[in-house]
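Just one chain follows, in the form predicted alone, and it is written as structure tokens.
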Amino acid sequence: MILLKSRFSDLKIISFYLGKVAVTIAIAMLIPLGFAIFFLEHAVVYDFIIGFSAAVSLGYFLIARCHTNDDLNWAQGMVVVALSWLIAAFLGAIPLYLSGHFRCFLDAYFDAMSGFATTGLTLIQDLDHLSKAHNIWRHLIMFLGGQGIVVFVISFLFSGASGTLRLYVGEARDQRVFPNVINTARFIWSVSLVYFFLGSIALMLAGIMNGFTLKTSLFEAVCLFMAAFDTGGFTPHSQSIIYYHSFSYEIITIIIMILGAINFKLHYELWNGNRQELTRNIEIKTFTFSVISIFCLISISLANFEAYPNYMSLFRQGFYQLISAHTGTGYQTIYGPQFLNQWSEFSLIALIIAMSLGGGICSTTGGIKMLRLGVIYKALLQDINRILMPGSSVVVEKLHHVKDMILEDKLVRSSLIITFCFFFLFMAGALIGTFLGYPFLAALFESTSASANVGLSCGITSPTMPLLLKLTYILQMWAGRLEFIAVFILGGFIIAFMKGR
């Protein structure tokens, strides 16, 4: 295969759009800056002024030096998306590192990537004494990452460029709510903000009922909603959801996590009164079947292992961890080491499967996704029917996802490729973890959590883990969130720039 050498004009166009991303990150930093001023955290103000200055300087430098009216082609759009997440994590890490709660800048970068990729794994130290402004920033980058960094840029900094489709698709968005990408991006943000208002109120009331002051309960509610709806998993406290010891918090966050794992196109149908879609949609059917099946396996395993004293405790702990894993959120109501000490190996494997599967296409969750699993199942069913039917028969398989669709080889092929890539990423991280001395099952658990952007941890992820493992998880979170294509295109672009003809 002959690669055509990338041109400097390509770099100019890519840099121009990366400048817009940097400016967007700078604008987002004004929110925690406002919180720092409101909560009288004077020292923290400087952290965000420095971060804002770095982001806005980089952004305007790239925009001014590389200004162009040329539109993006597909390769350029994919490269912009892949680099946007690396740059956003770098800029987002600046105020986090300045907080003094990280051993080094790489640890802060790890948390920023984890936040933007809505993973939830963290290397922060002494989280319980982190400032409110820094905490808001940790959760805000999850809110931005869940809807998509580039989707946010498209929503507010674009007015009609056709290149927006390349950016949208590059950010692992396979479907559009409207034919126009900008309208789709703005709808995604509209849905998210409506749920933000409703979910924050529900969590605030739960906080008040549990004895928090109005001010504290509102702060906790805002943080928890942003991480739950965007299936991220950060919390303001090191104990995750255990901190609250509240059944009401558990129920509300379960509902929010499931809402975040639903396809935005399905949200649109439901908002427009199409309730039948809930019973017909292949993603909902697959998700429901998967949750019920895996929970039965976990329950039987935990009961035989006698992990919990009664069935209510088993249900609360087992079901909550399952929903958190399956939606890719990473909230925990048990401590990380309990996965290895109290859960059987079989139940851990079941939870790993749940983490790998994820939620809906075009949702805030990660993993393989329900539509792809449904497509693979339908393809298997079609092949079985072809064998059983007479040779002259034509077997046509259909599936329903918002509308009836005929199963095509192109859809099956793309589903299988992405699924294979995820399994390769899971195993690669597990083998690296095993090479570094961790038990294979624990390493597989952590690797799947990073790759599928889940955030559940059995205790491996910590500031003291090896440098190689930190870099591995960063790459896994990045590649898994973008679902590989943009990452592959970036690699090809770099090779073409260096060795192309």
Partner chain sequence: MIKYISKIFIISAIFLLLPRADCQGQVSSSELINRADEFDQQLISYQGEAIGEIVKTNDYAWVNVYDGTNAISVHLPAQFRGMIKYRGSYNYRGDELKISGIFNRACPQHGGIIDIHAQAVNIIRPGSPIRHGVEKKKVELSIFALLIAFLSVAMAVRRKR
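Numbering follows the first chain given and starts at 1. It should be emphasised that the depicted structure is a prediction, and the values quoted were computed from it without experimental measurement.
Only in words, not in the display: the form predicted in complex with its partner chain, which the text now covers.
Chemist: Within 4.5 Å of its partner chain in the predicted complex, do 203, 415 and 499 each have at least one heavy atom?
Modeler: No, because 203, 415 and 499 lack any heavy atom that approaches its partner chain to within 4.5 Å in the predicted complex.
Chemist: May I ask you to check whether residue 70 falls inside a 4.5 Å heavy atom distance of its partner chain in the predicted complex?
Modeler: Flag for residue 70 set to no.
Chemist: Answer with yes or no whether residue 344 is in contact with its partner chain in the predicted complex, where contact means some heavy atom within 4.5 Å.
Modeler: Result no; residue 344 lies far from its partner chain in the predicted complex.
Chemist: Does residue 30 reach its partner chain in the predicted complex, with heavy atoms at most 4.5 Å apart?
Modeler: Residue 30: no, not in contact with its partner chain in the predicted complex.
Chemist: Spell out, yes or no, whether the shortest heavy atom distance between residue 189 and its partner chain in the predicted complex is within 4.5 Å.
Modeler: No, no contact at 4.5 Å.
Chemist: Specify the contacting stretch among 428-436, 43-51, 442-450, 467-475, defined as having any heavy atom within 4.5 Å of its partner chain in the predicted complex.
Modeler: Residues of 43-51 come within 4.5 Å of the partner.
Chemist: Select from the listed residues 299, 290, 333, 147 the one whose heavy atoms reach within 4.5 Å of its partner chain in the predicted complex.
Modeler: Of the listed residues, the single hit is 333.
Chemist: Answer with one of 195, 424, 212, 377: the residue that has a non-hydrogen atom within 4.5 Å of its partner chain in the predicted complex.
Modeler: Among 195, 424, 212, 377, a heavy atom within 4.5 Å of its partner chain in the predicted complex occurs only for 212.
Chemist: Output the sequence-ordered list of residues from 304-342 with at least one heavy atom within 4.5 Å of its partner chain in the predicted complex.
Modeler: In sequence order, 306, 307, 308, 309, 310, 313, 316, 317, 333, 335, 337, 338, 341, 342 come within 4.5 Å of the partner.
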